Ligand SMILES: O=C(O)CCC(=O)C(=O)O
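Below you'll find only one chain, the form predicted alone, shown as structure tokens.
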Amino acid sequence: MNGSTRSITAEERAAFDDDGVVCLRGALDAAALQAMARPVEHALTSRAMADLSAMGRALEASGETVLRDGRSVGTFASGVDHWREIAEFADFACRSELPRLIAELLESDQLWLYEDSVLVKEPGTVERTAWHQDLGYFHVDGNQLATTWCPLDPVTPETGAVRYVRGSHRWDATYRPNLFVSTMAIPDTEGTTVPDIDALAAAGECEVITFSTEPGDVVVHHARTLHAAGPNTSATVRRRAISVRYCGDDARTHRRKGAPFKPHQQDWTDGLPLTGPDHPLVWSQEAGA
């Protein structure tokens, strides 16, 4: 897969280290992103995708509070591990310019794939994505852990741009994972309850930042960085994105009680480096690939 072959700048690395998030402008070839449109449509029809709008309606019917702005006419869909079944996703996650750039950003000699996901908010999707931290969902620990967000469409606050709490990767807390369209924590999970970020930001106790992006831009955030997203209030513009999660040199297995396990993670022992076909090595400084 073709890419931009550009390098990470000192300013981008400093922004990631200080803020826990950075937007890499023009990091990937826009045509390479456009080539993922068909695989994304394929993914939307696969068994790996979940209808989070429907889950929100079910939660609401059970008495839970759901984060939505009105009556939905669109759908919020999400799924993981498309790289396992769709060749284009494996190429994108493992053999595009993305792994090299993330290894460079993390200053990691090697890089492993944790998972990929597709996130689509169709026009008129009113569900908001709750504030959450990726680390609580992952059965790994370490500092060299990053999530990439690669949009296939122009993204603005109107269409549901992701928002980030600047510097929250340094808050030294692991937050309980939630159900994305609700602040309800997944039952039996451990950790700290996510604070009311909107209230803290209104009081000036934290700063929320966001990026309007174009295809080819890549937003990268630390696995500890708190983030959320608004609804897609556009009548015509989709918000399609591919998110790939990577682990660097210091990542080690760490089972988190209550967080969803993939089948191969059921018998993991804590403290081991990632290895094997379920988390392939996608970049090595020594090999240069």
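Residue numbers here begin at 1 and follow the sequence given. Nothing here was measured: the structure is a model prediction, and the numbers come from that model.
Missing here is the form predicted in complex with the named molecule; even so, the following discussion is about that form.
Peer 1: Hey, with the named molecule in the predicted complex, do F76, L119 and A229 all fall inside the 4.5 Å heavy atom range?
Peer 2: Affirmative, all three are within 4.5 Å.
Peer 1: So which stretch, 254-262, 37-45, 239-247, 23-31, is the one near the named molecule in the predicted complex (non-hydrogen atoms, 4.5 Å)?
Peer 2: Correct option: 239-247.
Peer 1: Flag R100 as yes or no: does it have a non-hydrogen atom within 4.5 angstroms of any non-hydrogen atom of the named molecule in the predicted complex?
Peer 2: Flag for R100 set to no.
Peer 1: Find out whether any non-hydrogen atom of T129 is located within 4.5 angstroms of the named molecule in the predicted complex, and reply yes or no.
Peer 2: Looking in the predicted complex, residue contacts with the named molecule include T129, since a heavy atom lies within 4.5 Å.
Peer 1: Is F180 near the named molecule? Define near as a heavy atom within 4.5 Å, in the predicted complex.
Peer 2: Contact check for F180: yes, within 4.5 Å of the named molecule in the predicted complex.
Peer 1: Answer with yes or no whether D134 is in contact with the named molecule in the predicted complex, where contact means some heavy atom within 4.5 Å.
Peer 2: Yes, D134 is a contact residue.
Peer 1: In the predicted complex, which of the listed residues (V155, A93, V162, L106) lies with a heavy atom within 4.5 Å of the named molecule?
Peer 2: So the residue touching the named molecule in the predicted complex, by this definition, is V162.
Peer 1: So which residues in 145-178, when you check the named molecule in the predicted complex, have a heavy atom no farther than 4.5 Å from it?
Peer 2: The stretch touches the partner through T147, W149, V162.
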